[in-house]
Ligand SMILES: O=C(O)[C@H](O)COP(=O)(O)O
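Okay, so here's just one chain, in structure tokens, the form predicted on its own.
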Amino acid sequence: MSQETTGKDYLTMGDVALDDKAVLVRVDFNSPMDDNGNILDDRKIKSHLPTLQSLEHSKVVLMSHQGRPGDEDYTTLEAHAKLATKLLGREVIYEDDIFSSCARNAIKSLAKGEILLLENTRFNAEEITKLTPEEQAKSQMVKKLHPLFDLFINDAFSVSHRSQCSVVGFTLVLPSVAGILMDKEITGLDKAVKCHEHPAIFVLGGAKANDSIKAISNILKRDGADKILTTGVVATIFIMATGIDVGEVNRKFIEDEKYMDQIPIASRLLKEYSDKIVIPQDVALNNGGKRQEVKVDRIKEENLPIADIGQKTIENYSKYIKDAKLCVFHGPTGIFELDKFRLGTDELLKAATQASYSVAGGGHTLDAIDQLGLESKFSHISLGGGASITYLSGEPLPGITALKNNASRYHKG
């Protein structure tokens, strides 16, 4: 298969010879871990199995990160190699370095069919610099490793919104293609991004409000949504942007999370797109663990933490969602981990499965979907997190742009 037959502007694994090739694969094994170094969720590693299974006749080297410097889960990938071995049914060898002479010798000694996982890429300072692909290609990581490979595969959609060394650096010096998971993510999300059917409804919530508000701005600028239904912390910010006092406890939360600068942005968006941005009519407050629903103009009076959207809002939002040709759901509506405050998340997710085409993303959203047993009822489930919301907003992702540029460079027609 070629670009001409697939209509894609990047190459996939079906476009290149894989057998007997030395292949470098960027995966995302970054997973929640407990204090004893045990992986708590195997979803990320499982998602890469189709790509790894397709490379059984290749010499395969994997690169991934785990956590960030300073975080408790910033650790080695030894546990990941063990879990990948169990899930894949083939040994995944762990190498506790990235591009030292020992690591390079281990790569050179690989036999056909063997898989080697290099150490956490973020143990190398070059990995966490934000540079252009051209600059990243000059890094020691790329210089030391690229001569050992015939091909680079990016299967890590979830980190492709970052112009980091292991994501974009190798695309300047090696033929590069999208892995099976990467291709699946792009294809699934493209149906949402390029959807011309109406109504298109986005339900945006969760705790990462700055990312969601940036996405709201981009989505509306490109006329990508008929309605944006705000929930979670995003909704609190938009409620404040209307001038409603949410009480000291909620205001302090927004201040502590450093989101006060998002309020004027939300205010501007409400003025420009007043007919497209919907904010809750009522919310559920956490009154000592009990669910107390109030209209938004009574939040100040109660001065209790907002923990979910209210029943009237759930009913209103559900009508929009069920009638949608496209529904994108990113981020829970409240503190869904607590039974009393998961009603909004549960009901809106159920409604989303009735839309003609439904997309869900974000780690907490996927946890809720798993608990409800709804995964098979969504058109596309994205593991991308920040990358998926960035892509859905219409922003180019450096990792995908690098693959497209590489295809233009290496593809001969």
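Quick note: we count residues from 1 along the sequence shown, nothing fancier. Note that this is a predicted model, so its numbers are computed, not measured.
The same protein has a further form, the form predicted together with the ligand, not shown here; the description that follows concerns it.
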Site test, Lys46, Leu49 and Arg90 vs the ligand in the predicted bound form, non-hydrogen atom cutoff 4.5 Å: no
Contact residue in the predicted bound form, chosen from Ser158, Thr171, Ser166, Thr313 - any heavy atom within 4.5 Å of the ligand: Ser158
Contact flag, Arg122 vs the ligand in the predicted bound form, heavy atom cut 4.5 Å: yes
Contact label in the predicted bound form: Arg68 to the ligand, heavy atom within 4.5 Å: yes
Any non-hydrogen atom of Arg162 within 4.5 angstroms of the ligand in the predicted bound form: yes
Asn30 within 4.5 Å of the ligand in the predicted bound form, heavy atoms: yes
Heavy atom contact within 4.5 Å of the ligand in the predicted bound form, the stretch among 22-30, 50-58, 347-355, 373-381: 22-30
